[in-house]
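Consider the single chain below, provided in structure tokens and representing the form predicted on its own.
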């Protein structure tokens, strides 16, 4: 859990770090739209999702996030993989274009079930990687300022923009802290004889209870300490605040914004035109 990178800022001087936080937020949103936008055929899905996975991997590598941190963050997805695969096997789609994988005593399993589960898992992996790229290359204070900037128009309807932005930034900041607390409690309980990995289901539930209760207590203590620290510094979310460092747009921000927009627009166009990869290859060959 110490290697969990989501929510941790990695202080490097890369082109991703130098981008404006407001641009990074909107770029991540546009890339997520491209990731989750449906495509008409499996061939185009494989091509587009593979291209996006390579692109997002390059962006994440540019933030210099350690590879072991990425793998640790994605390690818990295997439960999601098994769950999705079971759901798609038990409840197959009405149309199965990839054929039958095997059939036993009238029970048919289609290749589409495996493909659907893999597609959703790859999308979740790319979403986590984009969130890691955003949080590891953006200071929490800059992220708060960027969210406040986006929520400013909502002040017309008395929306608490500053409070909402501060809440989101604090939640992202405390994800690795809570995971470190969970690891500390697990080690303490393991030294007292609690086994989280073996034994009956009832014993595991009791073990999880011995983990969850101290973790909640620790979270409440940390939240109270944070509230006291903010009050001691006279923090007033409704007060007029000045900023030492202001966010400014640069040419690199415009390039990043246009690139993310082009990627999203390209995926939407491919989805709207119902382009097939093999037909496209035939046109190119001619």
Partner chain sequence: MPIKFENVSYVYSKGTPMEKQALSCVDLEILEGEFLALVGRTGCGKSTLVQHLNALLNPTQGTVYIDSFVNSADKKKRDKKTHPLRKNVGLVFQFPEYQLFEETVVKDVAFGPKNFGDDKETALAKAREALLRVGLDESFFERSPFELSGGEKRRVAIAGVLAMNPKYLVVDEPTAGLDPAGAKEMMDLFRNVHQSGTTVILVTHDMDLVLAYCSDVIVLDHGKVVKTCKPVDLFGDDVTQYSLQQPMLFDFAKSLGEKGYSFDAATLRDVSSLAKQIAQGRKK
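Residue numbers count along the first chain shown, from 1. We call the rigid core the largest set of C-alpha positions that still match within 1.5 Å between the two forms. Computed from a predicted model, the values in this text were never measured in an experiment.
The discussion below concerns the form predicted in complex with its partner chain, not included here.
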query: Which of 157-165, 139-147, 109-117, 181-189 sits within 4.5 Å of its partner chain in the predicted bound form, heavy atom basis; finding: 181-189
query: Sole residue of 255, 33, 221, 47 within 4.5 Å of its partner chain in the predicted bound form, by heavy atom; finding: 221
query: Listed residue that, although its partner chain is not shown, lies within 4.5 Å of it in the predicted bound form (heavy atoms), from 175, 100, 82, 206; finding: 206
query: Non-hydrogen atom contact residue 230 with its partner chain in the predicted bound form at 4.5 angstroms; finding: no
query: Partner contact for residue 170 in the predicted bound form: its partner chain, 4.5 angstroms, heavy atom; finding: no
query: Residue 247 within 4.5 Å of its partner chain in the predicted bound form, heavy atoms; finding: no
query: Residue 153, heavy atom within 4.5 angstroms of its partner chain in the predicted bound form; finding: no
query: Its partner chain in the predicted bound form reached by all of 25, 29 and 38, non-hydrogen atom within 4.5 Å; finding: no
query: Core-aligned CA displacement of residue 123 at least 2 Å between the shown form and the other one; finding: no
query: Residue 148 C-alpha relocation of at least 2 Å between the shown form and the other one, rigid core basis; finding: no
query: After fitting the core, residue 186 CA displacement of 2 Å or more between the shown form and the other one; finding: yes
